[in-house]
Every structure is written in C-alpha cells, then in structure tokens.
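Next up is one chain by itself, shown in structure tokens, the form predicted on its own.
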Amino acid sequence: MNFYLENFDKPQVIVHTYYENDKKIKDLFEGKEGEIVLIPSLDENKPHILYFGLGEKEKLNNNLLRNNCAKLLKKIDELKFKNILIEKIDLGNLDEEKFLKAMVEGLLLTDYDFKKYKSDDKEEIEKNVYIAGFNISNKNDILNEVSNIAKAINNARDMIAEPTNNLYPEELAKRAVEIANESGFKIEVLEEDKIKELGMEAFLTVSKGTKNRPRLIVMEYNNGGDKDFIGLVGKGLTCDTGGYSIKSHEGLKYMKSDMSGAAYVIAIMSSLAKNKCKVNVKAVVATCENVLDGNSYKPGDIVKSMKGKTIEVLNTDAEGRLTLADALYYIIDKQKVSKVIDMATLTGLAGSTFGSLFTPIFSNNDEFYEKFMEIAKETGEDFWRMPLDERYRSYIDSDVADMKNTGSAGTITASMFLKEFVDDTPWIHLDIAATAIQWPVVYEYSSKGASGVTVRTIYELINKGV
C-alpha cells in the first residue's frame, strides 16, 4: 500500500466521510459507525463515490477511527479499487497529528495477509491511498514513522504465523539478526555453550527434549546519550507441546504462537531503531522448544535458576516462566537495565478471565504502571491491572526447593514466580496469552492474524521517555 498526503487527479473512488448527525443522504445513508454505501459511476471518466460513516462526532476517538479505517479498507479490498482518495475529514477537537497516525495505522495493519504457503494465491492488488486535508508541517514524518511501526508489526505477525517445522530457535534468531541489520540495532546470539556458562539451567532444562537447540538473543539500541537503558524480555517458545504435562489436541494446534512475546519485542526494537528514536533499549529473548522426548524434563524435577534459586517442577507445561526467570535476571544483572517489561503468552487462565479483550498487567511499581496506562489510553490497547499481593507468594512455596513452578490462581502465581527474579527493579509483566492472537477479534485490524498487541504502546512509552 502506498500513501500520499495530497489530492489525486484521477482516483477510482472518492471516500466521503460523515458523522451520524450529518444525515447527508436521507433514508440511504445515516453516517453510523462503519456504515458504507457505494454510489457507482456509470461514466468511466468519473470516480465512484463511497460514503463512509464515522458514527457520533462527540464519541469519535483515535481507536474508533483506527478500527473504522480497518472496516473501510476491507470494503475497498472487496471492491478491488487501486487508487483511492479519502476526502478531508472534519476532525472537530481531535489532535490532527494523532488523528492522521490512527488513520494510517488502521489502514496499514489491515492491509496484511499471510499467504506464503498458498500455491494458488492470486497476486495482490497494489493500492494507492491519497489522504487529503492534512496541513500539518510534519505529516510526511508521521507517515514514515507509522509505516515503520506497521511494517515491524506485520513482520512479527509473519513469524507468529510460521509453522514450527520452519520456525525454530535457530531460525527465529536468524530472522532477528536480519531485522537488526536492516533496522539498525545491535544483536548477539548466544548458543548453548555460552548459555551454560551463564548458569541458565532453568532455561536450558525446558529445551532438553528437542534436537533444535536453544538460543539466547540479546539486542541493543543505543541512541539516547546518557539516558538509562530500558529492558524488554519476550517469551520465545517456538513450539510448546507441554512436555510430559502434554497439552490437549485442541491446544497443540496453536502452540506455534507461543513465541509471540519474542516477535513483539523484536518488532519494538525494529520500530525504535528505524525511526531513530532518542532512547536506549536492551532486549532479551530466550528461545527454545518444549517437546516430549526420553530426555525431556519431568514433573518432580528440581532445577537451579541463574539467580541461584532452586525450582521444583510440578508442571512441565509451566515452562515459559522458567525461561523468563533466567532472561529477566540476566537483563537486570548482566545488562544493567533500569526498568524492564516482559511480554509472554504465559497462562491460558488469562483468557478464561478476560477473553481476548484485556491483557492482564502486573507491576511492582505504581509510577511505572501509571505511565504505561496513560500511553495505552492513547494507543487504544486494553490492559487490566492484577494484584501482586505478597500473600500469593505462599501459593508457590515448595517443601523441597526454594519455590515451585505452579500453583492455584495461575495467572497471578505465574507473575509472583517471575517477581522473584526482578527484586526491586521497576517491572511490568504482560500476559498476552489470549490477546496476542484474538478470538473473537477485538481490533478490526487484527482479523487476519496476530494482533500486534503491546507493540504500539511500548514503542510510545519508551519514545516518550518512560
């Protein structure tokens, strides 16, 4: 999709947007949110007219606009238009820069489909979209910034969609290196011998049953002068069968997406670097497979983490927290970040609680949390704070080790487990198990794959100086 912020002489279709109370075409079009009416032209030298409703003007916000633009593009795709002119929109009191950004985000994130393995797929129609009426001086900079973010998200969606036979730890690391080189951030990939030297036994234990050996992906973007480094950690299970605590047949089908956190971390790093943001960020992904084999770890095993804490394994399907424990400790202790955010498809119970609407968020620091939520309100992503009450720590007490890897109140106790490895460092944990890929879909622009949830919020949080 190509964007132009100017008028186009010969569009195939002109999109006129109206609010509900405008009532421009009585009885045919009322301007309700997402309402679309096409008035076809019988003259090949004149464009078709498409009326598009934005709903009630006083209720319109950036996220509704983003979703409405997704609906609009789906209709345009259905009608196979190539050259589209979107006429000037009455913004009311909305910020023009944020409005433009939301529009382009909605269109670009909707213009995605994973068709790599479709042998009979038809060639996609390249679209030219002309957006009229924006007179802000930096409109081209905004367009470039949003395009870089959307491209990074769509790259992440590609990785999440890949089958496990084609995306395994070594391949994920290879793709991360390609993205780093193309985007402009540093990257180092540590193989098993180096991971052992670091003492990451918890991480390595998860990977014992597979021939596809683990990788520790360490990324750095340094363009913020003497600013502190912010840390990002993403769960990178490219295949998770649950090991001896094997998943159900239904659950196994979706376990290729258990590396969504890793994909989104890479997308955030790419976005920050390509947009040359004045920030300092480090990121870590501990990527491996958790599969069933004679050498796999077993319920009842006791393993030692990089921090030195011993862990009684009661459930081999609670593997993500083992990899994250070592990754979190590593990024704090070795990479010396001042704050850290992790994102992980960690617990199925997150979806049982909130469905695909809200991402559970945990934090040990109120100021960090409040800043995050302030940005999330702007990006339109939904999060819900969960408790880290110290009384839940007893839920993961073990009689034979320092702690056990599972307990009741699963989403909370998984977070209490991770909290043991961050100490007092300001920390946010995002359990994206049900929102990384949404069912049912919450955001119109994520209907063809992974949602990209967290990427835009964390990008803005870091870029605005958390």
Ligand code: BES
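Worth saying up front: this structure is predicted, and the values here are computed from it rather than measured. Each residue number is its position in the shown sequence, starting from 1.
From this point on, the text means the form predicted in complex with the named molecule, which you will not see here.
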property: The unique member of 111, 158, 317, 220 whose heavy atoms fall within 4.5 Å of the named molecule in the predicted complex; result: 317
property: Candidate from 347, 305, 363, 356 lying within 4.5 Å of the named molecule in the predicted complex - any heavy atom; result: 347
property: Site test, 247, 258 and 406 vs the named molecule in the predicted complex, non-hydrogen atom cutoff 4.5 Å; result: yes
property: Segment that reaches the named molecule in the predicted complex - one of 372 to 380, 319 to 327, 100 to 108, 191 to 199, heavy atoms within 4.5 Å; result: 319 to 327
property: The named molecule contact in the predicted complex: residue 235, any heavy atom under 4.5 Å; result: yes
property: Contact flag, residue 240 vs the named molecule in the predicted complex, heavy atom cut 4.5 Å; result: yes
property: is_contact(residue 433, the named molecule) in the predicted complex, heavy atom dist at most 4.5 Å; result: yes
